[in-house]
Every structure is written in C-alpha cells, then in structure tokens.
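Below you'll find only one chain, the form predicted on its own, shown as structure tokens.
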C-alpha cells in the first residue's frame, strides 16, 4: 500500500537477529528492525521509560510529509493488533484523498460508511451511521 514499515526497540541488532532466527512469526520479516539501545529514538517519540531502560510499545503512523497521523502507546506487556493498525492506516489513506469525510471507529475498508463532519453531525453520529 506504499508504506515503509520500520520497527524500533531498545534491543540490539544481535537480539533482533536472534528473534528473527528463532521466532517462527518473524522468520519471513522483510521490514527494517532498528536497534535503539541508548533510547534516543524512543525518547524522541516519548515512549522511553528512564528507570527501566526500555521503551513502551508505541505504534506511529507518519505521512510522507512527516506529520504524525496516528499514535498508540501500550505498556510493555500488551501486544498490538495488526488488524487495528491496518484499519487506521487504510483510514488515513482514505481521508487523505477524501478530506471532507471522516472514518468512524467501525470503518474498515473502502466502501464502508463514512461521516461528513460539521455542526449537523453533533449528537447524531449514531443516527448517521445507521441510516
């Protein structure tokens, strides 16, 4: 879909290599896995926990112009849901093309119901989605 995916963790490149070699769900990974053992990138994104020397699990969608479109931060031991990440990514692609529309929480893909923000929508989102 035209995205560049990069994962970054406070692990070293050697730990990343070990994960890739021994974790079946990572064996076919082709995206970049960045090592941030000093926490510089993690601090930049506001997810570094100084006392632990680790980063919280952050997911960030950034457009080609460098604008942050979506961010989600979870605690160390809470996994991310790739289906929700992809939903948000596709929604951001959609509203970049159709700037007068908004994708509600239930929106999953092109053709799903969208909203047109404005004063007439206030207090009437449910009605607009069930028409």
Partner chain sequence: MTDSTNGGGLQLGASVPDFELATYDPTKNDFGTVSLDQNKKAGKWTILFFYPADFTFV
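Quick caveat, the model's predicted, so the values are computed rather than measured. Residue numbers count along the first chain shown, from 1.
There is another form of this protein, the form predicted together with the partner chain, and it is not shown here; the text below is about that form.
Although the partner is absent here, residue 85 is a contact residue: one of its heavy atoms lies within 4.5 angstroms of the partner chain in the model of the complex. In the model of the complex, the partner chain sits within 4.5 Å of a heavy atom of residue 34.
Of the heavy atoms in residue 20, some are within 4.5 Å of the partner chain in the model of the complex. In the model of the complex, residue 96 approaches the partner chain with a heavy atom inside 4.5 Å. Taking a 4.5 Å heavy atom cutoff to the partner chain in the model of the complex, the contacting residues in 38-67 are 41, 42, 43, 44, 45, 46, 47, 48, 49, 50, 51, 54, 55, 56, 57, 58, 59, 60, 61, 62, 63, 64, 65, 66, 67.
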